[in-house]
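This document starts with one chain, in the form predicted alone, laid out as structure tokens.
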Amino acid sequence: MSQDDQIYSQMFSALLEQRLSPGTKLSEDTLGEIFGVSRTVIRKVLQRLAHEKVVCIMPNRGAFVAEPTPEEARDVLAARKVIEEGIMRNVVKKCTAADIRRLEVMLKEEKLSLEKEEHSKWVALSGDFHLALAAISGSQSLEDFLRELVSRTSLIHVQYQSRKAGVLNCSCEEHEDIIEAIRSADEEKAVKLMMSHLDEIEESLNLDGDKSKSDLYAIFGGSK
């Protein structure tokens, strides 16, 4: 993995795990100092993240973690419904016993993270579950589209998640039901469950949620 890819991977993970809050300024100088690289390297990584719409680069102001509006939040989740319906239909047709076992292992890891009250880790694992389904579907294009949407959903969670009691446990249960539908090769049920799952995510959003900023040194300081 190249130096650029390593830094990108760490920043993407920080976004997926909700350690980088919407609106946080991503100073090229600060990130360059933290990772021990030039501003040119950092700029390339930020441009890559901007292409995926999780970073916003503003002329004469610099780069910031994107701050999705309520309209963008609804748009992202609507797009996920379209993409993930296609993914689920492919998964039911192509999923192997080995794939099922892999999904079950991922579900156990999700449940364990909840038991340990590791919310950020659970968020990342939940996103990984959806990306694993995309990989099983066999469509690289769908997987690429979903990867961007999942990272944008993580920002939406940070900004608008109400964290109502039971929401996280319900999500794990929904993943478990989806696995059972796939195991039964019930395509329509699998699709219906996924659509309901995404509806639950949208219903858990609080569009008046408070915003917070992140400390880059605290997040990436031990990365060198």
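Residue indices: 1-based, along the sequence shown. Keep in mind that what you see is a predicted model, and the values were worked out from it rather than measured.
The form predicted in complex with the DNA is left out here; the points below concern that form.
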Answer option from Asp199, Glu180, Asp29, Glu188, heavy atom within 4.5 Å of the DNA in the predicted complex: Asp29
Which one of these stretches, 153-161, 172-180, 58-66, 190-198, sits within 4.5 Å of the DNA in the predicted complex when only heavy atoms are counted? 58-66
Hey, in the predicted complex, is Gln3 touching the DNA, heavy atoms inside 4.5 Å? yes
Wondering, does Val37 line up within 4.5 Å of the DNA in the predicted complex on heavy atoms? yes
So, in the predicted complex, is His51 in contact with the DNA at a 4.5 angstroms heavy atom limit? no
